[in-house]
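What follows is a single chain, given as structure tokens, in the form predicted alone.
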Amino acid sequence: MSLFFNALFNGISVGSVLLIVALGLAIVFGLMGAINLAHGELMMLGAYTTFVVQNVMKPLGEPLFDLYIFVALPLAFVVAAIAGLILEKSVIRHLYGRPLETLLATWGVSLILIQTVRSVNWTLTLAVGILCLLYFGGKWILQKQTDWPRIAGWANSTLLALSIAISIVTGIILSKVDSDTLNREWFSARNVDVTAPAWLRGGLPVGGVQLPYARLFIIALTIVCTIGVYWFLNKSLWGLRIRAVTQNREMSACLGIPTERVDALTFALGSGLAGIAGCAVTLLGSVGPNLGSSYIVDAFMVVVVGGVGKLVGSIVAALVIGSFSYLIGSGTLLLVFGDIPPLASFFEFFATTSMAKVMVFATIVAFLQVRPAGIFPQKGRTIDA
């Protein structure tokens, strides 16, 4: 039983990370109706931000290094939120109400982010910086000094083409320079390890079970994020505006609510939560460019099973799915039911991580046949509209 409770605790901690990811996705998908397949890659950006903060603070010595997690958490939130804000303004804003196009566009963005992390170096960074400076700087100058609405059509295309051409030429020139600093990849395709602070190493003995401090910290962080999201959506002015726009966008705009600003804030908040989840997952193991793909499907399952837009449903679904997957994939249920031949054979067949996912998927499909709206379905006249 001690092995079972230890595995159950580990499953709850995995479910806690999944819950933080799902909270952001529930805001973006549940409240805004936008399907963002790049949400997992925003989580990856949070994980790599934590890795960079760790490397920057490591030379400072043990007392300050042990506090790096408190620097990494807000930075991971900010980096992911800024990336999400750019994604919303440049791509998703133009695709609201078109779920198929949104799905394909964000899937393409996720591939771009994965490849960028694999190959990013100073040459690529300078080329992208020049592109942004030329395009947005030139656009700002033209808007200030000319009749922009009259020339916007061809000016945008010309300015973008020239900016891309100059940045490509600059990148090619820099790549030919024999400089290890310019052309060395920052992260590459390999996984990177993040060292937990000293106070998060070890565990708390409870009976015959050792509860790792890192997983306890993740659970506490999840509780704080959940309470923060609940307070923001239900008690703050911007939370009221978000809920108003969700229920009736046209009426909210008529009442003076800046709907575009609300969309941007909502997307930034959901993306920032993904960054925090990325910071938390670094305490569970190594992270790599494909980190997001390991969580995005599970996060969507949490939102759908819990009930789209329902915070309580996301909490219940994340903990159940995370715990269930870990108990099956780790072989814990095989040990518990090993004396019962039919159950032992069943759990032995699914006692791997990949097969555990198959079992969870099958269970969720069967559950949705009974309750297609999830554990806590939405109610009210807006559902029938």
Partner chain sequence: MTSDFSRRKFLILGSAAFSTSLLLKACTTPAGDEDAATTDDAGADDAAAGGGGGDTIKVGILHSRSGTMAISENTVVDAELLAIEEINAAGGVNGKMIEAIEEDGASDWPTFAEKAKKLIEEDQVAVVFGCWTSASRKAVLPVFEAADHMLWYPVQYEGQECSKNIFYTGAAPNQQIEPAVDWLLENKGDRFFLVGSDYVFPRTANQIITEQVKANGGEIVGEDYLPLGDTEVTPIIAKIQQELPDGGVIFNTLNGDSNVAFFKQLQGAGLGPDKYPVMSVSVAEEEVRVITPEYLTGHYAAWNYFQTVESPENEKWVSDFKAKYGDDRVTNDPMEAAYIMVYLWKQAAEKAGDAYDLEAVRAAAYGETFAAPGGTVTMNPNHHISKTVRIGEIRDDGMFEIVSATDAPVDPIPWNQYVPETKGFACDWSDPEKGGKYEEA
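Just so it is clear, the structure is predicted and the values come from calculations on it, not from any experiment. Residue numbers count along the first chain shown, from 1. Each form is matched to the other, and the largest set of C-alpha atoms that superpose within 1.5 Å is called the rigid core.
Another form exists, predicted together with its partner chain; not displayed. Remarks below refer to it.
Student: When its partner chain is placed as it is in the predicted complex, which of 125-133, 157-165, 241-249, 97-105 ends up with heavy atoms within 4.5 Å of it?
Tutor: Stretch with heavy atoms near the partner: 157-165.
Student: Taking 4.5 angstroms as the cut-off for heavy atoms, does Lys310 touch its partner chain in the predicted complex?
Tutor: Lys310 lies outside the contact set for its partner chain.
Student: For Arg93, is any heavy atom within 4.5 Å of its partner chain in the predicted complex, or not?
Tutor: No.
Student: So, in the predicted complex, is Arg201 in contact with its partner chain at a 4.5 angstroms heavy atom limit?
Tutor: Yes, Arg201 lies within 4.5 Å of its partner chain in the predicted complex.
Student: Is Val316 one of the residues lying within 4.5 Å of its partner chain in the predicted complex, judged by heavy atom distances?
Tutor: Outside the cut-off, so no.
Student: Can you pick out, from Val229, Ile296, Val109, Ala196, the residue that has a heavy atom within 4.5 Å of its partner chain in the predicted complex?
Tutor: The residue in contact is Ala196.
Student: Even though the chain is shown alone, can you say which residues of 179-197 have a heavy atom within 4.5 Å of its partner chain in the predicted complex?
Tutor: The stretch touches the partner through Arg184, Ala189, Arg190, Asn191, Val192, Asp193, Val194, Thr195, Ala196.
Student: Is the shift of Val358 between this form and the one not shown large enough to count as movement, that is, does its C-alpha move by 2 Å or more after the core is superposed?
Tutor: Shift at Val358: 2 Å or more after core fit.
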